[in-house]
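A lone chain, given as C-alpha cells: the form predicted alone.
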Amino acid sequence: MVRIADVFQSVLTYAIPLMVVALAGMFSERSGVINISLEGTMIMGAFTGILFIHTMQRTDLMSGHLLLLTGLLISMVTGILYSSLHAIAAINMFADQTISGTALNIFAPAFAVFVARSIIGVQQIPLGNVFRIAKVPVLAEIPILGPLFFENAYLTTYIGIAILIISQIVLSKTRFGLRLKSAGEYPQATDAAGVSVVKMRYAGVLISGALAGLGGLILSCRSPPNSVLM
C-alpha cells in the first residue's frame, strides 16, 4: 500500500526544482526582460554540475553533501555565465528576447551531448543517487510533518524552500527588490530617479540564470540510483 508520505515526496521531487526555476523566471520578468532560455540554462547547469560530481565520485577526492553543495555552486556559476549571453543580446544589443532565448535553448542540449561524448565517451553521464537522507534525527519524529519532510529527504528540498522565502523577502521588503520591479514596470521613472535600469536588468537576468542552473542540478540529482543524466 502506497503511503501518503511516499506520494508527497514524489511530488516534491519535481515541485522543488520547478519552483526554483519559476522563481528564476520571475526575477528576470520583474526586471523587464523575458527569459525563455530557462530550459537551456537548466541543461547547462545540470550538465556542469553532474560532470563535476561524476568526476569527483570517480576520484574520491570529495564526497557526501559537501560534493553536492559544490556541484550546486558550479551549476549556479554556469547559469550566470550562460544567462549573461541572453542579457548582452537583450539589454545591450536590443535583440528580440524571444529569439535570443530560443537560440540558447537550442544550443544547450547539443553542446552538452557533444562535450559529454568528447570527455566520457557517452552522451549520458551516469550518476548514482547518493544524496538521499534516509532520516533526519529528531525532526523525523515530529508527527505528520516528520514523515513528509524529514524521511527519505534531500538537502536540496530545504534549499529550495529557503530560496522561496528569501525571494519573497527580497522582492517585497528590500530596496533592491523594489528597484528591480520598478525597472521592469516603469523604466523611465526608474532612470529619472537615478537608478540604472541596465544594471537592474542585468541583475535580474543573472539571478535568473543562477537559479535556473541550480534548478537543473536539483532535478537531476533526484533521479533514481544508477540512472543516467542528460
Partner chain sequence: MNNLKRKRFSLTPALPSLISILIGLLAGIIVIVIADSSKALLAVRNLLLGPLYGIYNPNQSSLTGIGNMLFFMIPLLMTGLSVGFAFKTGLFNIGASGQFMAGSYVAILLARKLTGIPNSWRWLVALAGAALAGMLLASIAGILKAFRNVNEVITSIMLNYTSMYLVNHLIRATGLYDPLKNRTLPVQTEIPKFGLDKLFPKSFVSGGILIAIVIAIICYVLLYKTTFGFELRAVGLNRHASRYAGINEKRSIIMSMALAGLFAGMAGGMIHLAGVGRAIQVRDVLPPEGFDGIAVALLGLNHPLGIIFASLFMAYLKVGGQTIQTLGFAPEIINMMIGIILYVSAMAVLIRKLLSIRAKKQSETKALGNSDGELYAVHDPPDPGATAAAEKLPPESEDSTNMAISAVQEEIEEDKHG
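Positions refer to the first chain, counted from 1. Since the model is a prediction, treat every value here as computed from it, not as a measurement.
The form predicted together with the partner chain is left out here; the points below concern that form.
Out of the listed residues Leu139, Ile120, Ile144, Ile106, Ile106 is the one that sits within 4.5 Å of the partner chain in the predicted bound form by at least one heavy atom. A heavy atom within 4.5 Å of the partner chain in the predicted bound form is found for exactly one of Ile133, Val113, Ile91, Val77: Val113. The shortest heavy atom separation between Ser100 and the partner chain in the predicted bound form is within 4.5 Å.
Proximity of Ile36 to the partner chain in the predicted bound form falls within the 4.5 Å heavy atom cutoff. Contact check for Ala95: a non-hydrogen atom falls within 4.5 Å of the partner chain in the predicted bound form.
In the predicted bound form, none of the heavy atoms of Leu73 sits within 4.5 Å of a heavy atom of the partner chain.
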